[in-house]
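In the block that follows, a single chain appears as structure tokens, in the form predicted alone.
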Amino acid sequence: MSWFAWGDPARALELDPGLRDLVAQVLRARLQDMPPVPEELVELPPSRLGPRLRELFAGVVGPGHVSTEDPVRLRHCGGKSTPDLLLRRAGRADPAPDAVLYPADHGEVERLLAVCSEERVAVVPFGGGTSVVGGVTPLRGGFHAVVSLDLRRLDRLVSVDPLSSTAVLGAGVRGPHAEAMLAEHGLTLGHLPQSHEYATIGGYAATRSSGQASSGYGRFEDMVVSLRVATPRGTLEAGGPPASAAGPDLRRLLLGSEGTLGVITEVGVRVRRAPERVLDEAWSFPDFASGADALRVLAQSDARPTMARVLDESETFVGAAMGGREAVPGCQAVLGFEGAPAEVEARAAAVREAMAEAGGTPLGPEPVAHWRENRFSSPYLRDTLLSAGILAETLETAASWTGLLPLYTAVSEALTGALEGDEGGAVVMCHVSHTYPTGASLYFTVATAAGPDPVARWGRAKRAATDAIVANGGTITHHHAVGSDHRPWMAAEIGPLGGDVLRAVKAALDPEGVLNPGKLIPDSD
């Protein structure tokens, strides 16, 4: 991946000058180019990994799998949020890990954690590096050194059980590789978040990821049947049987632990036969409220699509404009169905009836095809806009159906209020992308002029939005995870006693506190 942007540098997008001028007019701002500094000018702090520690790590993984090279450290100094990239583009790479370690298997991970705990070295698990909430930032946490534990060598299909419809995958397997290996057995995982091309199986589990087909397949945590986790105190195995009443579910405790309780090395998942048919349909609704209510009806029925989302009026208009298509009045919903042909048609027919009764107008499959074509290119567009002086960032939350629209209004107003001013205005867009019988998610995208201090500018907006989320009964994160960015609000999310529980579990599994310090777990009062 690029050190200053998302993904493959060869896939970077160009911004049409006319479109840039149009964006400048909409944002009421004067834009200034913000190119990244040359890589050789990026300032990395000297590595603190002395010869003794290097020898200890090399004794576990081999000398060729311990790196203190600046280009390697640079590519492990954080995730892919806009603030992460702004700092790197400006030539700042502090914090950066003192070394990057590449273990080959669970045993090597476990031995590395034992060394780190004994030598008091902070260790940050690193999968695809796609975190947008500071989840892989190598914070020292008071330790004299910090290493990044890159899990890319844990990239195999460990086992497949077609009779039970399960498979075990190494934590370092990327999404496309997982699908390719399962496809050889006629199977699919069906988990496609926007980070799919680069994110890993272990990262999905560690952050409780949610993919575009969650309406039909569930969130990633719903697909996990077992976990193998290395900790400084040894191995923890959780799950396996299809169901159990043997006390609290430790698997659920480890899901979403973000590398603070242990390093996930293997993930057992529920798989399914590859779908024989995929059917897409788009619908138009007069406004966001009616579109969201239509998705509520579907979520509370037996005829749910595999994929369902609805865009608000602003996102519908911007999507059409960016795609060179005529804008549809109101808002747009995109639906997808997967499965056996007869099953797909039966569900689609039931959904069509429900959508029409809710006031929807059918638009056919073309808008969904366009959405799918551009599904994984949006982060590249974000980087292109950034180079042109346009700050583009996202945040997400979820709430009950009763609280969803009030939360939507509160967060939209908080973002607009924080960004409107002398530096210009802002465009705030939103869509519902994941639905449940009791509620749904809200995913906001914001575009505004970067201004002279874009990191501080976005920081103000993020704080205002998150404060509004907490005040209006939403969750601080639906699928991006907590990391370091959302950690200041974690105590409000889980309460003082919840914080005590997490700290007690961490003390049991990681007594020296070396695992991913500064993430997820709130400080005690």
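Throughout, we count residues from 1 along the sequence that is shown. Just so you know, these numbers come straight off a predicted model, no measurement behind them.
Beyond what is shown, the protein has a form predicted together with another copy of the chain; the following relates to that form.
K.L.:
Using the partner position in the model of the complex, report whether residue 70 sits within 4.5 Å of another copy of the chain, counting heavy atoms only.
P.N.:
No, residue 70 sits far enough from another copy of the chain in the model of the complex that none of its heavy atoms falls within 4.5 Å.
K.L.:
Is residue 95 one of the residues lying within 4.5 Å of another copy of the chain in the model of the complex, judged by heavy atom distances?
P.N.:
Judged by the heavy-atom cut-off of 4.5 Å, residue 95 is well away from another copy of the chain in the model of the complex.
K.L.:
Can you tell me whether residue 166 touches another copy of the chain? I mean in the model of the complex, with a 4.5 angstroms heavy atom cut-off.
P.N.:
Yes, residue 166 is a contact residue.
K.L.:
Can you check whether residue 46 is within 4.5 Å of another copy of the chain in the model of the complex, heavy atom basis?
P.N.:
No - in the model of the complex, heavy atoms of residue 46 and another copy of the chain never come within 4.5 Å of each other.
K.L.:
Check for me whether another copy of the chain, as it appears in the model of the complex, comes within 4.5 angstroms of all of 349, 354 and 356 - heavy atoms only.
P.N.:
Zero of three within 4.5 Å in the model of the complex.
K.L.:
Name the stretch, out of 234-242, 140-148, 410-418, 194-202, where some heavy atom lies within 4.5 Å of another copy of the chain in the model of the complex.
P.N.:
Flagged stretch: 234-242.
K.L.:
Can you pick the one in 318, 114, 253, 90 that has a heavy atom within 4.5 Å of another copy of the chain in the model of the complex?
P.N.:
So the residue touching another copy of the chain in the model of the complex, by this definition, is 253.
K.L.:
Identify which of 12, 24, 509, 15 has a heavy atom within 4.5 Å of another copy of the chain in the model of the complex; exactly one of them does.
P.N.:
Flagged contact: 509.
K.L.:
Heavy atoms within 4.5 Å of another copy of the chain in the model of the complex is the criterion; list the residues of 201-235 that meet it.
P.N.:
In sequence order, 207, 208, 219, 221, 225, 231, 233, 234, 235 come within 4.5 Å of the partner.
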